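The form predicted on its own is given below as one chain in C-alpha cells.
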C-alpha cells in the first residue's frame, strides 16, 4: 500500500481543534478582562506576606479566658443551628424528592415544580437567606436555623430524588404485580434501596451546615459568628485567633464523625 494511502490517526478533527482554540482564547480574554475590572492594587500584593505574618503574631497567644465566658456557648449554639436546620430541611425535602423522582411521580408538572424549588434553594447563598430571615424575625438563632434549612432543601432533595430514580425496577414491579398498596411499595420497594443514600446525604449536609452556620453570625443569625464579628470589630485579635481555632477543631471533628458513620451505613 502506498504511504500516502495509509490511514493517519488524528486525535481531534479540524472542527474540534478550532473549537478548542476558541475556548482557550475566550478563557484568556476573560481572565485579562477580569484582572482589569477588579483593579488589583500591586502595592497591597507586595506586602501581603508581611501583613499576614503581623496578623498571625497578633492572634498568638490565644486569649483562653475568653473561651468559657463566650466561645463555648456560642459554639454549642452553632451546632444546634446546624442540626435543627438540617432536620428541618430533611422533613421538607423528603416529599419534594419523591415528587421530583420521575419513576415515582410520573407527572412532568409536579417534577418541574419540585426541581424549581430545588434550584431556588440552591441558588441563594446561606448568608443571603440569613439576611432575609434576620429582616423578618430579627437577629438570633431562629434566623440561622431557617437559613440553613432553606439552603439545604435543594441539596438534600435533588440528591435523594436522584437516588430514588436509580432504584431497581424489579422489586417495585413485583410488589405492584401482587397488588401491594402504594404505601407498601414505598416502604418495601423504594425506601430499602434509597435508605443508605438518604443517611449519607443527611450526614454530608449536616457536616456542611456546621461550617456554614459558623459564619451566619456575621449577619446577625446567631452562633459563633456573632462572637467572631464582635472580636473583629474591636480588633481583639487574640480572641479572633481562639475563635478560628475552635471552629477549625469542631469542623475537623464533625468531618471525622460523619465520615465514620457514613462508612458504617454504606
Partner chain sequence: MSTSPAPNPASWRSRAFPARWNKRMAWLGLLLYVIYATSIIDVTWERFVRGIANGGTFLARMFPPETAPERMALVYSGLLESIQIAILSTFFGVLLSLPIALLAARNLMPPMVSWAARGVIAICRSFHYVIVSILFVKAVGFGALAGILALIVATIGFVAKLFAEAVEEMSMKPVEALRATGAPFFSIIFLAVLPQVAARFIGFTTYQLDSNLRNSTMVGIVGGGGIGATLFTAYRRFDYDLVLTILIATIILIMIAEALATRLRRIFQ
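Given the structure is predicted, the values throughout are model-derived calculations rather than measurements. Positions refer to the first chain, counted from 1. Between two forms, the rigid core is the largest collection of C-alphas that superpose within 1.5 Å.
The same protein also exists as the form predicted in complex with its partner chain; that form is not shown, yet it is the one meant from here on.
Chemist: I'd like to know if residue 188 sits close to its partner chain in the model of the complex, meaning any non-hydrogen atom pair within 4.5 angstroms.
Modeler: Result yes; residue 188 sits at the interface with its partner chain in the model of the complex.
Chemist: Does any part of residue 239 reach within 4.5 Å of its partner chain in the model of the complex? Heavy atoms only, please.
Modeler: Result no; residue 239 lies far from its partner chain in the model of the complex.
Chemist: Can residue 137 be called a contact residue for its partner chain in the model of the complex at 4.5 Å between heavy atoms?
Modeler: Taking the distances in the model of the complex, the answer for residue 137 is yes, it comes within 4.5 Å of its partner chain.
Chemist: Just checking whether residue 147 would be counted as a contact of its partner chain in the model of the complex - the rule being heavy atoms within 4.5 angstroms.
Modeler: Contact with its partner chain, no.
Chemist: Would you say all of 31, 34 and 77 touch its partner chain in the model of the complex, counting a heavy atom within 4.5 Å as a touch?
Modeler: Every residue of the candidate spot has a heavy atom within 4.5 Å of its partner chain in the model of the complex.
Chemist: Going by heavy atoms, what in 212 to 250 lies within 4.5 angstroms of its partner chain in the model of the complex?
Modeler: Read in sequence order, the residues that approach its partner chain (within 4.5 Å, in the model of the complex) are 212, 215, 218, 219, 228, 232, 237, 244, 247, 248.
Chemist: Core aligned, does the CA of residue 16 move at least 2 Å between the shown form and the other one?
Modeler: After core superposition, the displacement of the residue 16 C-alpha between the shown form and the other one reaches the 2 Å mark, so yes.
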